[in-house]
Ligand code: HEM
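Just the one chain here, the form predicted on its own, laid out as structure tokens.
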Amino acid sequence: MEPISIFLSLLIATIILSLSLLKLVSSRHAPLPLPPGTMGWPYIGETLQLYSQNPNIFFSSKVKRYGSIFKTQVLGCRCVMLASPDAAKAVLVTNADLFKPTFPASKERMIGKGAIFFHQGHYHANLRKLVLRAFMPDAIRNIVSHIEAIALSSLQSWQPRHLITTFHEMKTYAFNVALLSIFGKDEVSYRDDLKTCYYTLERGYNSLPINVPGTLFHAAMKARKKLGEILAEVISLRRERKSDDSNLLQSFMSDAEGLSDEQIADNVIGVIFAARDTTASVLTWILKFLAQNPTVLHAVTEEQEAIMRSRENKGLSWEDTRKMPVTTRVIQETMRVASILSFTFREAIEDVEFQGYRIPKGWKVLPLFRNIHHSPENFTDPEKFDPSRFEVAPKPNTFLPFGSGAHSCPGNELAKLEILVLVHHLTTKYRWCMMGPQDGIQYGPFALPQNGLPIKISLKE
């Protein structure tokens, strides 16, 4: 073979080899695809589809079409939703350092950027320590009698009216317990002003952040400013009084913690936000499920009447609330079936490779608690209300009513306590029946019985 032919053959072979290697290297570094799914309308995305119907329908239709990981857009945020227990654990626990806690911009502006939800690292760990210290069993066991007084006052205010809207009344009850846990039993002078402003604020929580007169967001931001002023006055009075009370506000105000007044106000509002509507929603569903399941109601009533007889006209004690296994299972099953929190928000802090897909930096990542709770792979006959299923512990990562990991709800013990106290007095002293449609559900943002569950309530004879 002539030298020139040899040279050309080698050149061609080299070019082919180089192109092959280049193709191989390129394929290895090619960006992974985004998860499948649709983004909906510009900016609005699929917000209306999610919040205007049963969220089970939205999630199940997506999973059926795209699988357990899919993309969408809600509340102005590009999102990846995750519908499996393993994926939820990966985001919330195993790889939590890659996904910071976050909320839509509207919520962050209304609650306050200093609130515990929006942080991680040392600042978050310090705040979580303070909240846990205030809400751990050793602390809240000392306020059982005060929660009981609020429960009794609430029930007594319902009885003369006969017909009440359950969710509305439960929100008032949960709000008053939240104020007790934050300020202590003596902080009542600002309760009505705080309540008025907070009720306006909450109506804008899931609105688009359009701050022009006439919008829910604009009204909410005005209420948020007023709330900040009220809390600044409360903090100032506490400092003048040099109180040594043991409550969450006092912990926030400790010089050792170094929190500014603005950070304290953000976290007070954040605690009310976390403690109020979720607990009120659970209580509303409990009344509905008990009314619809007479056998379960009978079992709960028997348990509570036995405790009432044993305490011999004395107030409820912390020890009494530890002797309510039947009622506790009702609470667990209610949280599973109702799934008050359909999901939680995280945000990718960098581009993340996840189960063969790319989650871009800044995208929201939403583990779908509701889908996990309603999957037949995790719970047999998942749409059935059956508290007895919790006689056996559920499979790991399948029951997540309070989230999981370092950012799980630190107030879960307080929430369970206030529910147990109210259910005790409700089932031992009152009877109730539902009025109007009993199968309808309304959404936005929490799933609730239709019209907030109107009921007739009366004293037992």
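What you see is a predicted model; the values in this text were computed from it and never measured. When you see a residue number, it is the position in the sequence shown, counting from 1.
Note that the form predicted in complex with ligand HEM isn't included here; everything after this is about it.
Checking 66 to 74, 400 to 408, 46 to 54, 422 to 430 against ligand HEM in the predicted complex, the stretch whose residues place heavy atoms within 4.5 Å of it is 400 to 408.
Among heavy atoms of Leu417, none comes within 4.5 Å of ligand HEM in the predicted complex. At the 4.5 Å threshold, heavy atoms of Lys364 stay clear of ligand HEM in the predicted complex, well away from it. Shown alone here, His218 lies farther than 4.5 Å from ligand HEM in the predicted complex, counting heavy atoms only. Remark: Trp158 does not count among the residues lining ligand HEM in the predicted complex, judged by a heavy atom distance of 4.5 Å or less. Proximity to ligand HEM in the predicted complex, taken as a non-hydrogen atom within 4.5 angstroms, holds for one residue of Ala291, Leu130, Ile164, Ala274, which is Ala274. This chain is displayed alone, yet in the predicted complex one of Tyr190, Phe390, Tyr205, Phe117 has a heavy atom within 4.5 Å of ligand HEM; that residue is Phe117. Contact here is defined as any heavy atom lying within 4.5 Å of ligand HEM in the predicted complex, and by that definition each of His124, Phe135 and Val282 is a contact residue.
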